Each structure stands twice: as structure tokens, then as C-alpha cells.
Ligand SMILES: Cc1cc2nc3c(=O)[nH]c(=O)nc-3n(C[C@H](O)[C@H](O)[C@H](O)COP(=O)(O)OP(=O)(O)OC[C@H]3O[C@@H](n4cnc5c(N)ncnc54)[C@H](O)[C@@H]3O)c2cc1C
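Below you'll find only one chain, the form predicted alone, shown as C-alpha cells.
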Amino acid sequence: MSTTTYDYVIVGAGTAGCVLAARLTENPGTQVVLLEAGGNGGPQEMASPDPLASFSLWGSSVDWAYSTTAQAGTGGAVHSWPRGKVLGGSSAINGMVHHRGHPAGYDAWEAQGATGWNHRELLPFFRRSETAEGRDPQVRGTDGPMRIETPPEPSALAKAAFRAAVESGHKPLEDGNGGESEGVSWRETNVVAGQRQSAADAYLRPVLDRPNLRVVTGALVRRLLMDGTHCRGVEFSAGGEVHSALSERETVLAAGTIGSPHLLMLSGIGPADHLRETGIGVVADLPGVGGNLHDHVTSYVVYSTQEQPRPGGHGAEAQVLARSSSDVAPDLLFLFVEAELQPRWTGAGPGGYSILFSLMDPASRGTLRLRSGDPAVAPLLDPAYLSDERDLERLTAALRIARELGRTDALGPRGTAELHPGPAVQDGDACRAYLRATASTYFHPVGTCRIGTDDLAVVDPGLRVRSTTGLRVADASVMPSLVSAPTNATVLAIAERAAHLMAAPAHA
């Protein structure tokens, strides 16, 4: 077994890991190793600017290919959870969306005990992550690694969708990531010069020649190396051999909502009773590890149309951030897609368009639990979709709003028929049955190592794992609750702030 020592050991080269590796090695005296279970690259579709090309990457060599347990709230369905297994992680196989969501979602974190994690405190790190030319520099970045280009010219159908939203009373926004976020805007994407821009493309690949950075691909981390409650580093397998990477300062888990809690529990950090049941010795009894698992839940309305589908490639898409009722923060996101989406992401075809809608602040909470003490065995993932009836009621409101958009003067004449749910689905029971039969993931699981100060929190506001030393988590798992947007832009900001905290430990 080979053993090498660094200042920082980072587990996972997804969005967060790429940010951390790039920022921490800006100091030439800081030695960092970044461990990634996947490879350096993969299928050609990974460079495609078309979000629908992501379908072809599921189940490929760059996908962990997770799936949930059978979900009672969605008719017993098992949902595929693709997650990137490659440099760049899920940012290399996702829909390339760059969206922050409404400030209220971040302020809710602080209200739940994540002291200092509000929108005002995170804004500088959003700005640090991006370059958005022509936008308001008070809220948008001017020199960050992620380049946000002006959305391409929208098609006639996309323009009609934007007009439909305005016709329905949604405020038109010049910048959906600007000073205002509630309303209709053109969706921003991580696409540069006609190619996908993953976090690895933006942050990691430009700095791979730094002598103080080592990146190891094909490295499956098996366990944390614990000296009592102090983390000394990790044990990982690569090239058919077992190795150790030790950290002089800290080990940072950036393995995501699934990988980070999985590794904690494999190493004896988690709910004590569950660990004992799995035959794992308890190092630290942290009952919140693997709890609080939740995800955006989505469904859709689909219309047939006689209009020509847009050519392949990426085009501008209109999105709407709205409220299910007047007494809540914006909690519904609508996206107009120029394709006939098939049930539960089983495909998309021409000849129709879809209004996708998602519940962005679900109340339902589930768990991640070990299936085995073997690190190669995937954990049990139970997001408990629609287990809280409030989620179903808010999705019912979203269905109503989506249909209103489809009936506007701007869009109505373009759809020749409502294919899903169809004109027969009208009353409350029928709508709820349709939603349970079609609701699915929006690919944004979070929360399994949440920030807080209560007994169920996993990391403190400095992202340090409670009841341990030398160990932090910095990825989507630390989010106490979801924000009203896809999560990649948020994870960039979390990781930027984590790097800042680690560079200034006296203030962490």
C-alpha cells in the first residue's frame, strides 16, 4: 500500500470538488490531491450543447446509475437517479442550467440554523463563480471561471412561450439571475462557443499543470482513515491496488448528496443504531447523516403541434418562477421544452412541445441508508416522493398554471391537442392521480449532510463535520432545503465559500 501526504485531500471531482481544487491550489504552497472514481472523459455527447443529449449518457460509463427504492407516493415507481462519474461530475451530464433561484430559498437556510448561509452572504460567491458579460455587475460576476453567454436567438415557439407567460401575468425579466427572480426569463446555460462547459472545463482543466495539484481518476474511496474522531485522510483503490492519501490540514468530502453521507457511514460516522445493524463500528453518532433527503419533483403538460421542431442543438428556453399560492415564497418552476417529453424521462420526440413544471420547495423528506458495508455497493435511496400531501396539492396548482399557459392566445393556437394529461383529466382526484402516475425526479437531490446547529445537523456553519476534527463536507448534501432552481449554480457558490472558509480558518 502506497501512502502519500498532502495538505488537503478532496474526495470527488464533481462541481464542488473542481472548485475546491482550483481555489485551494491558488496558493502555490498548498498541496492538494483530488480523487475521482470516474475517468477523465467519456462519450461524445458530453460536449453537446443540447440538454436532451443528456438522455443518451444515462447508464453509460460516466453515470453512477443510481436508482431509488420503490416510491409509494408515485405508484410504486422506481426512479433512475443519474449522477456524473467523471471529471466534472453531474455538471458533465446534466441539462447545463445556470440558475440561482429566489433569495428566499437561501434565507430559509439561515432560518433553519445555517448561520451565515443567507442570500446576502452567498452573493459574493455566486459572483466569484461566473462571468456574465452585459449583466448588472452588482449582482452578476465579471471575471469568474464559469462563462455565461447571452442565450441564443429563441425560436418562434420559444418566443410564443415567453409571450404566453407575460399574457398570464408573469413579470418579464431581463435577467432571471439578476436583482429580481420571480417572473419569466430566458434560461441561462453553461454553454460556451457551442459546447457544454462543465465545472471541470471551467475550473479544473485550466489548472491541471499546477505542480501542487494531483488529480487521480479511477480512484474509489473506500473509507476515511480515522484516528479516534480525527480524520487523517482516506483509503482508496486505483489501478487494482489500495492506497492511502493523508491530509496534514483537512479532508474534504465533495462526493455529493449520495457519495458524501455514504462514505461517512462506511467510516462509522452516522446514526449509531443503523451502523451497528450494518456491522460497522461507531466512531461518531451523528443521527442526521443520510437524513433530510429530498429532491425537486416534476411533471408536465404535453401538446401536439404541427410546427416544425427546432433543429438539433441548444436554443433559448423560457422559464417561469412563480408561486403556488400568495402566502408562500416562489415555489414553482416552469420550463417550455420544444419536444414531446415521454413519461418519467424515458425520452423525448418531435411533433409536440411540453410545459415542464416542478415543485421547488418540497415538504417530503426521505433517507439514504447503507445496503452493505461494501463501498462498491450502492446505498438505499428513499426520497419519499409525495409522502407529504402538501406537495401533491402544490403540484396540482402547478398543473393548473401550466394548462393556463397552454391556453393563452400566444400558445393556444400552436397546440393541436393536449396529449398529457389529456382533456379527460379535470377534477381534483383525476389530477392528483395523474400527478402520482407521472411525478418524477428533477435530478436535484440534496440535504443528507445538512448545515445546522441542532442535534440532526451533520456539519456546522463552517462545514466541519460535527463530533470530528479534520473533516468537512462541501457539496449539495449540506443544503438544509432546496432552492427554487436547479442546483449546479448553488453548488458552485457553496464550494467557493467553502474554499474561502478553509483559506481563513480563524474565521471559519
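The first residue of the sequence shown is number 1, and the count goes up from there. Since we're looking at a predicted model, the values are computed, not measured.
In what follows, reference is made to the form predicted together with the named molecule, a form of this protein that is not presented.
Participant: Given that the partner is absent here, does residue 483 sit within 4.5 Å of the named molecule in the predicted complex, heavy atoms only?
Facilitator: Residue 483: no contact with the named molecule in the predicted complex.
Participant: Is there a non-hydrogen atom of residue 252 within 4.5 angstroms of a non-hydrogen atom of the named molecule in the predicted complex?
Facilitator: Heavy-atom contact with the named molecule at 4.5 Å: absent for residue 252.
Participant: According to a 4.5 angstroms non-hydrogen atom cut-off, is residue 247 in contact with the named molecule in the predicted complex?
Facilitator: Flag for residue 247 set to no.
Participant: Please determine whether residue 127 contacts the named molecule in the predicted complex, using a 4.5 Å cut-off between heavy atoms.
Facilitator: No.
Participant: So the named molecule isn't shown here. In the predicted complex, which residue out of 220, 380, 397, 419 has a non-hydrogen atom within 4.5 Å of it?
Facilitator: Contact check passes for 220.
Participant: Taking 73, 292 and 370 as the candidate spot, are all three within 4.5 angstroms of the named molecule in the predicted complex by heavy atoms?
Facilitator: Heavy-atom distance to the named molecule in the predicted complex: none of the three under 4.5 Å.
Participant: Tell me, please, which stretch of 42-50, 457-465, 475-483, 23-31 lies within 4.5 angstroms of the named molecule in the predicted complex when heavy atoms are compared?
Facilitator: Result of the contact check: 475-483.
Participant: What are the residues of 52-86, in order along the chain, with a heavy atom within 4.5 Å of the named molecule in the predicted complex?
Facilitator: Contacts from 52-86: 58, 64, 82, 83, 84, 85, 86.
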